[in-house]
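Here we start with a single chain on its own, the form predicted alone, put down as structure tokens.
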């Protein structure tokens, strides 16, 4: 678990799941992609893990990377950077028991990056919400209505 959200900052991850392939030399072989390692969420998303898992097997056994491995993930926008800073401040204040102060920063983070699951969904349990409850499904619906924006390799449409 990345409780301090260091990996989301380091790799510009804005939504989960996100998978980044890192080789034995610590180099990124394939940047952030919205992939699944299990079929836990297939019913909700309609996305099976099998295509991704076959790509992983091909990479491990044959060294072959998918065509999208050269995709260049753009930097975070200024709003996304600010949202992450507000989220970090909120999480810190929450840990310190300064709940009311934390809420202000959680709200600002969500305002700056309303569809960033690493901020909005991650704040749900910290704010007493259910990350798999009604609030999550509302966020997921808004995410889909916005075209499922993802900071990484764009997901190919499922056949």
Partner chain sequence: MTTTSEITVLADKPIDSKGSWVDGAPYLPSSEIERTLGWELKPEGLCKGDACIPLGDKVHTTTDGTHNLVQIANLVGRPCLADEATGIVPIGQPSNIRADALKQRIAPNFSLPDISGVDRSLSDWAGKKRLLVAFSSW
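Just so we're on the same page, rigid core means the largest C-alpha set that superposes within 1.5 Å between forms. Positions refer to the first chain, counted from 1. A quick note: this is a predicted structure, and the numbers were derived from the prediction, not measured.
What comes next is about the form predicted in complex with its partner chain, which does not appear here.
Contact annotation: residue 106 falls outside 4.5 Å of its partner chain in the predicted bound form, judged by heavy atom distances.
Although the partner is absent here, residue 141 lies well away from its partner chain in the predicted bound form, with no heavy atom inside 4.5 Å. For residue 56, a non-hydrogen atom is located within 4.5 Å of its partner chain in the predicted bound form, even though that partner is not displayed. Residue contact check for residue 131: one or more of its heavy atoms lie within 4.5 Å of its partner chain in the predicted bound form.
Applying a 4.5 Å heavy atom cutoff to its partner chain in the predicted bound form picks out 85, 86, 88, 89, 92, 93, 98, 101 from 83-101, in order along the sequence. Positional change of residue 23 between the shown form and the other one reaches 2 Å or more at the C-alpha, relative to the superposed core.
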